[in-house]
Structures are given as C-alpha cells and as structure tokens.
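Presented as structure tokens, the chain that follows is alone, the form predicted on its own.
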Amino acid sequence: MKKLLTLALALVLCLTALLAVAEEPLNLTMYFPVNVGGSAAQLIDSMTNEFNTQNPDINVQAVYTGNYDDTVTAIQTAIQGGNPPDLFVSLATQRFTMADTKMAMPLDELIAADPEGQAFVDDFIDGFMLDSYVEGAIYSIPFQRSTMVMFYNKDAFAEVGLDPEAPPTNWTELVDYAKKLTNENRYGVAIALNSGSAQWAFTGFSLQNCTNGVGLMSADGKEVYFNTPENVEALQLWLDLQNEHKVMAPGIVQWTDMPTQFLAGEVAMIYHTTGNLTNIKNNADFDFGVAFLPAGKQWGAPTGGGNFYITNGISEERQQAAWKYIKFMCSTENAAQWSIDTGYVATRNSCYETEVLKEYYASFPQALVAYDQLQYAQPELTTYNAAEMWRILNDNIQAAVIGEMTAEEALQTAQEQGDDLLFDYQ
C-alpha cells in the first residue's frame, strides 16, 4: 500500500509539473522601430499588452530597436547570434532584401490556412499592398504606413497676404509662396536632405515630374532610372530653393529637426510624414493646414513606413502565434485607432467605415488629406540591396547639395553606381 501511495504521489507531482509547463505561455519577441515624434513606442507597448491579456497562451515582448536602419541592424545581429526575433516591423522597401537574404518568410501559406486570411489581406488599401509582394509572394503586412504631405502654417500665410486655405498646388506656386514666407527669422520651406530621408522626398518629386509612370525604379526592384531629364529637373529645383531663391536652409536639412522647426515657427511649410500629424496637432500653438504635395507635371507622392514581417526559420507554432499577433495589431478597430493616435494612415478599407474614424475626420479634416492623396501615391525607392541603393542616391544628392556636383552629374553617377549594384539581378 505504501508503495502504491508513493507511486500515486509521484504521478500527481508529474501531472502538476506537466500542467505547469502547459500553462506557460509561448514567448515571442517582436522588434519594432519608431521614426516619428510622439508616443508611438508607448502605443505599441500598450497594444501588445492588450494582445497578451486577450491571449494568455502567448506572450509577445515588443522591443523598441531605434529607427528603421537600427532595427535592420538589430535583426541581423540577432539572427547571426542565433537568437532572432520571431517577427518584426521593418520598412516595406526592405521586402526584396528580406526575401533575398531569407531574413523573412513568405506569408502565403499562413494566409491560405487561415479561414479569414484572404479576406484580411484583401481589405488592405491597394496602394499599401503594392509593396508587400516579391515575385508574386506576400512577404509583409502593412502596419505603420504613411505618405508624405505638406504641413503649412496658416498664420504665416495670413501674415504675408496668402490665403490660408489655398496652399501651393504646383512647383511654381511652391517657389512663389516660399519667397513670400521667407524672412530673417523664417524659411519658406523645408525638405529633408539627410541620408535615409532624401530618397523618400525625392521619390515624390520624381513621381510628380516623371513621364515613365514609375519615377525612380522598376516595379520588380531590378532597375533604377535616376538620370532621366525629369529627375535632373527635380533635383535642380531642390538646389534652386537653397541657392538661388534662398527660401530653404542651406546644407543638409535634417528630417528629425523639421517638425521642431515648424512648431517653433522657423519654417512655414514642411514636407513630412503623416506619421507626425498627431504630434503636430498636439503641439502647434498656431493654426496649421495639411495639403497634397505640390504637383510638377502631375500629382505624385511616396508611400513609406513599416510592415510586419515574420522571421524565416521559426517553428510552425511560433509562426501561427506571430500571425495571430499581426492580425490583432492590424485589426480594423486597432488600425483605425492607431491612425488617430499617431497620424499614420489607416491601412484597411474597412477602417473608413468605423464610427471612430468617421468622427475623427469630421472633427479634424486635415487627417483625411493623406488618404485622399493615396490615389496618386506609389512606393518610395525600392530595389534589391535597398539600403545600399538608398546610400548611393542619398550620397550623390548630398554631393549636389554641398556643391561638389551638378544635379546632372550627381544623378548620372548615382545611375552608374545603381546599375552596378543591380547587375547580378538582370
């Protein structure tokens, strides 16, 4: 009898241990960047905590990893160290590189196995899904997505006799308005020219002026078209704003400085991400407007921002858990609220049917500008070896900005270097 009791006790202890193991949640790690002002990092933490509460069998740790470039470096380092994140947010423009290096996995099988999967994907705005594909496979899901818009100081407009409700609609008006708005304490316009941001702004100017319909690159990421006459003309406009018209700060204008300068009244118009909309709304002590980017030959704007990727090589159980987390973060309700809280553009068509977003747009119509502009938007510069391609274009643009090259020389050099970089993909 004593032996039976001992055996029974041992079985109870084993079952208790097994139950304790079974109750342990599956721990996932998610890396994410923040490239805008405001409290986006805290919002991601809050949303993740809510997911964990609703899904006690899964525990996602959201790890803030700096800006987009820092995040890619962190992912690479973690993979090389044998401790990769299970999923991450990275630029949509990194999709070719993520596929080519096998850092991320295609999501088509997860989507096909999910009864809600295809409907979920089909609900995303086409302009954002454009840069989720690599050779027909879906590698990422749109999340913190944006387009570039113009923020302008309505009070400054009124001060110099411009109509505060009529921002510039084309490049000629841009120059004219910027001249009127510039004085000893204020520049008329600011466009980011620093490495990592110049290519985004320049994508917009290229789309506004191009005749090939695609601007800087082919849709498959294997060709670039930097040295077209239209792109040379666009870069020359940037140089003229600084050097001839003197309506933009000289030298390399920093992306991160522009919202602060705008809020301080040091610049009247800035080209910046919708992801900074809530930050500007909450901190501006003047009336401001949001407008389409002024047209060249036509309207045009770059989409940008980050998508969710799932790391290649993780177990099927982890894949399923990561997919569940992505669906939660990108649910209609969460995507709508995320847009309101950050200024990023709501990524799903169903978001625009929610009462919360309808009420928000009714009370703050500036927020709707980015959505309306999406019909003219295309992905920013996106190729294989995207980070290196960005460096090539940014470095040569900066060489023109500091006077080492003409606009034509800079883009011809960028073309030659870009062709060399993509040679193996031809």
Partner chain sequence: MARITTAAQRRRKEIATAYMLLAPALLVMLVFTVYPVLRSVFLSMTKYRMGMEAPEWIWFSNFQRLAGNSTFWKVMRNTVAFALMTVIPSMVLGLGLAMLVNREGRHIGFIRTAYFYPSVMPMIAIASIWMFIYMAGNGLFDQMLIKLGGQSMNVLSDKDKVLPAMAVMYVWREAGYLMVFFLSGLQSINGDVLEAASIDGATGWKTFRHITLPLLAPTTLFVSTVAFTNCFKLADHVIIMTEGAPNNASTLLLYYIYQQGFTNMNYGVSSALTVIMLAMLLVVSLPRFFSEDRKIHYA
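Numbering follows the first chain given and starts at 1. Remember, predicted model here, so these are calculated numbers, not experimental data.
Same protein, other form: the form predicted together with its partner chain, not shown, and the subject of what follows.
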Heavy atom contact within 4.5 Å of its partner chain in the model of the complex, the stretch among 24-32, 385-393, 51-59, 359-367
385-393
Within 4.5 Å, heavy atoms only, which of Thr101, Gln118, Thr211, Asn282 is in contact with its partner chain in the model of the complex?
Thr101
Which one of Gln320, Thr332, Asn170, Ser195 is close to its partner chain in the model of the complex, taking close to mean a heavy atom within 4.5 Å?
Ser195
Please check if Pro250 has a heavy atom lying within 4.5 Å of any heavy atom of its partner chain in the model of the complex.
yes
Spell out, yes or no, whether the shortest heavy atom distance between Ile79 and its partner chain in the model of the complex is within 4.5 Å.
yes
Using the partner position in the model of the complex, report whether Asp257 sits within 4.5 Å of its partner chain, counting heavy atoms only.
yes
Though only this chain appears here, would Ala399 touch its partner chain in the model of the complex if you measure heavy atom gaps against 4.5 Å?
yes
From first to last in sequence, which residues of 370-384 have any non-hydrogen atom within 4.5 angstroms of its partner chain in the model of the complex?
none
